[in-house]
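Here you get one chain, nothing else, as structure tokens; it is the form predicted on its own.
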Amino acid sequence: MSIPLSLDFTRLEPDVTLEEILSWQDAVSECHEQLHSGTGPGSKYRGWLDPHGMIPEAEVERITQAADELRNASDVLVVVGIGGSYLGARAVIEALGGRDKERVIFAGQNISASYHKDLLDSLDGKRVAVNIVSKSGTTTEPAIAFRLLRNYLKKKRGGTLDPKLIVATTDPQEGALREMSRTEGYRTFVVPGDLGGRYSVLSAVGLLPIAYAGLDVRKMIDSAADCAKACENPDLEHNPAYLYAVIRNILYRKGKAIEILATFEPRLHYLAEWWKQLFGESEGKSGVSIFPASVEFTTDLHSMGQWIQEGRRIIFETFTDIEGGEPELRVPKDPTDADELNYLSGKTLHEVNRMAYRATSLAHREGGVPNLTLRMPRLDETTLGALLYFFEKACAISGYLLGVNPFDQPGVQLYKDYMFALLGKPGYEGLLENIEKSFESEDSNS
């Protein structure tokens, strides 16, 4: 089974050799068995392994029908969610620029007064639909945004909401949002119980907004399923996702503590954000793991380029290379050649951009930064479906190789508890006393 992705790791040597990679085969086979048999850590969160099983055709039909109805009844869809509840959808929509891309707006990923004030102001005079994505309905950031939006829409309609324009993607049985949906009559879709948020983009969580943007979600699902089939073989010479996972772990053990995902296409900004959450939240545990960072070249070559070229040699890079399918915009010829660019005349911007990538990968390798490249024939639904699954499968195996549970996130609770206490949430009074003592100690030492 072929997939529209390939991994070029020629610029890893001398840091990593093919022989060294293949020496990890036994460890990879063991992790593969743990993942597929359900005997590894976090086994109850493996619903994403089978894309077609995760989202049956009947559910896809219901999602696309709802997206069509919402698009016909509204001017904008506000998607309310944080982390995996919005990043996957935004990554796809920004990358592929669906016909209704500008009609999809995101809220609930921050608590900025300015952001939400500007958002509400921008909705004036528009027909608004809302997709709230939250398993519980009580996560602070999206819950605040949803309350603001409900209040805004009620005022616009004289104190009532049109439930046909509110869609909740939430827990199938329980939680505040599920109960609110029952009471208010919102249409609902399910956040599958066997999925973590960062692995949920190809479920209703991501597919409804993606479909609203006019993109072909079936192509994405089918391509992800093809990638899943291709990645069933644990043989490192035939499984690019496992190859990537091993390369990351080898470099980490050699002191490369930071991986930089380097793109040469601004449309991939949110794909990099999704990738950072996927690997950061999945692997950042027990005082170990690679720190996932990202840059957008060539822009960041004029800011971060110097550090990458000559800074601490604790990094490696993963480049993305889009081989074709981009606009045929060419550099025009100027009779004066005052800017000395006529040597580029007639070349497409995409060709110039790819040469910038090739030059950068070579320069950084010579500067002591091992790098690999993930090649894509073009950027479309087929490629994105495969790419999302590729990273999910690689992340799961990479986490197992690292010795952590890639499906939990225990470290994100403490700041929430402190915030609840500081904001006066009932039940956190004892913790507030401890926090205030800590602040008093800081004040006395300042």
Ligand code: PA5
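One-based numbering along the sequence shown. Quick caveat: nothing in here was measured; it's all calculated off a predicted structure.
Below: the form predicted together with 5-phosphoarabinonic acid, not depicted.
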item	value
Output flag, G98, G214 and D380 jointly within 4.5 Å of 5-phosphoarabinonic acid in the model of the complex, heavy atom basis	no
The single option of S294, Q277, T188, N353 touching 5-phosphoarabinonic acid in the model of the complex, heavy atom within 4.5 Å	Q277
Heavy atom within 4.5 Å of 5-phosphoarabinonic acid in the model of the complex - the one residue of T348, N342, S136, T298 that qualifies	S136
Location of 5-phosphoarabinonic acid contact in the model of the complex, chosen stretch of 284 to 292, 75 to 83, 223 to 231, 311 to 319 [non-hydrogen atom, 4.5 Å]	75 to 83
P370 within 4.5 Å of 5-phosphoarabinonic acid in the model of the complex, heavy atoms	no
is_contact(R248, 5-phosphoarabinonic acid) in the model of the complex, heavy atom dist at most 4.5 Å	no
Non-hydrogen atom contact G197 with 5-phosphoarabinonic acid in the model of the complex at 4.5 angstroms	yes
5-phosphoarabinonic acid contact in the model of the complex: Q409, any heavy atom under 4.5 Å	yes
